[in-house]
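Starting off, we have a lone chain in the form predicted alone, written out as structure tokens.
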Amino acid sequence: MAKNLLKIDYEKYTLDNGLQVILYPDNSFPLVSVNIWYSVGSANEKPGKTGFAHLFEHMMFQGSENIPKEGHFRYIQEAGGSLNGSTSIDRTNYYETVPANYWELPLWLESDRMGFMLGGLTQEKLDNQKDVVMNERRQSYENQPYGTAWEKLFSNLFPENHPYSWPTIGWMEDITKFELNEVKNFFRTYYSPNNASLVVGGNFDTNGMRNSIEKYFGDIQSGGKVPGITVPPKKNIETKKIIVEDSIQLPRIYLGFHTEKAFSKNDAALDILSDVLTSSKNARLQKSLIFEKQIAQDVYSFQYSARLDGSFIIISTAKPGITLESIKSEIMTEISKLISGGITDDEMLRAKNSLKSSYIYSLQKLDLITDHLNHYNYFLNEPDSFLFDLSRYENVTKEQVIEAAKKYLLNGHTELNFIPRTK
């Protein structure tokens, strides 16, 4: 892709109440996409008080002072648009895409729940959504094969007071204890304009958009100073092995290694390492475990880089009669071979091309472009970091990938074994 196509024309400014605004006019789309990020995720919670950020992903669709329950979905869908939201360990986002002539509708909806959410937050709504979230936990975690794997992995990979050690959905015992006053205080603390960034992209008049954003968001009161996140100091990492019996057919192994946070020195090299190990049938671990030795049903890996820390995850499901010990042994053997024998030019080219094509594909949709702008603004304070991001991968060398593997995959780690329940 030509470099000039990765140069995004945008305007960034800040309202008096602290709301960051990023405008990306592009009349090649017949749409307008509104994307808002709140700098709050499960990492902003405390032990014993988990699940609040995810709860608000639900609560923010339950109406506010001027919008009825489920009104966000109804209004956007009746306009021919789409909407959703998501919560991660670091942030919460909400987004709508509508035909260009409805561009003002999502601004009103987002501003109303930012400025007038508490007036519509009742005990009845809270009780209802508590039940929804608890049922979601049961269906997606407790009653799902391997469903509790991620929370067991990360609660052991990180110490119990680390903000990444609890699941985004929250622990069940914490969800049952949600109280209305606590929920309201969490909203007041984190869902204010000074803790948010708003991206609007698509077919609109810039002056008109600026005026409307001021109209809808300008009078919302700024919140107080957002509390910082306490991260315990890193200690020597010990190898842990956790065995979980579950109602499953086949054993599965999860390996978690501490690495680096997003956009740090080795972040891109670890992404390429993952691609070399598991991205295709020619990747090291797929070729060995699945096709040559035929001991695994599947194997995949990824570098999970977040704002405060990162981890490299490898997962493999054993074939019937195969032990997880033999799976792990082969994984570590292949990693050692890669470190000692190096990476080929073809492997590097395939990995870079794969990452590049996926990235370019993501720039073909307006809602993904606006999310990229918010993502870069959040992590780098520069919305137009498209070329910088792509260049990170183009500039990685084979030696850097090997050094990253040596630095992080040969140290202490967390091993989680899911095995079929015997009784």
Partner chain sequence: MIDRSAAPAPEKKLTFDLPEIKELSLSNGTKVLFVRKDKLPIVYTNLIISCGSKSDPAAKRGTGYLTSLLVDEGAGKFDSLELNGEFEKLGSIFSVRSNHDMTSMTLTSLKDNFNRSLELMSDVILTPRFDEKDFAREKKKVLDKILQLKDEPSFIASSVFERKIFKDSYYAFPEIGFENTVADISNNDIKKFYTQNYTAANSTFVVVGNLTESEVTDKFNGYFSKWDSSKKSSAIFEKPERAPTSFYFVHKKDSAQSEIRIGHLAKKRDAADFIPARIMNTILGGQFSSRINLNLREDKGFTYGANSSFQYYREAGLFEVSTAVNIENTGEAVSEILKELDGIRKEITPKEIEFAKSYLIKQFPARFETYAQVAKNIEQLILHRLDIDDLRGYTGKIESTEIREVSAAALENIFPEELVVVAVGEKEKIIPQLKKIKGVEPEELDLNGNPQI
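Because the structure is a prediction, the values reported are computed rather than measured. Positions refer to the first chain, counted from 1.
There is also a form predicted in complex with its partner chain; it is not shown, and the following applies to it.
Give a yes or no for Leu31: in the predicted bound form, does one of its heavy atoms lie within 4.5 Å of a heavy atom belonging to its partner chain? Contact check for Leu31: yes, within 4.5 Å of its partner chain in the predicted bound form.
Can you check whether Lys398 is within 4.5 Å of its partner chain in the predicted bound form, heavy atom basis? Looking in the predicted bound form, residue contacts with its partner chain do not include Lys398, since no heavy atom lies within 4.5 Å.
So in the predicted bound form, does any heavy atom of Ala100 sit within 4.5 Å of its partner chain? Flag for Ala100 set to yes.
According to a 4.5 angstroms non-hydrogen atom cut-off, is Ser391 in contact with its partner chain in the predicted bound form? Residue-level check for Ser391: no, no contact with its partner chain.
Among 349 to 357, 226 to 234, 266 to 274, 307 to 315, mark the stretch whose residues have heavy atoms within 4.5 Å of its partner chain in the predicted bound form. Only one stretch passes the 4.5 Å heavy-atom test: 349 to 357.
Considering non-hydrogen atoms and a 4.5 Å limit, which listed residue (Ser247, Thr344, Ser340, Thr333) is close to its partner chain in the predicted bound form? That would be Ser247.
Looking at Thr176, Thr323, Gln77, Asn185 here, can you tell me which has any non-hydrogen atom within 4.5 angstroms of its partner chain in the predicted bound form? By the 4.5 Å criterion, the partner-contacting residue is Gln77.
Is its partner chain in the predicted bound form close enough to Asn135, Pro145 and Ser280 that every residue in that trio has a heavy atom within 4.5 angstroms of it? Verified in the predicted bound form; spot residues all in contact, yes.
For the stretch 409 to 423, which residues lie within 4.5 Å of its partner chain in the predicted bound form by non-hydrogen atom distance? Arg421, Lys423 sit within 4.5 Å of the partner.
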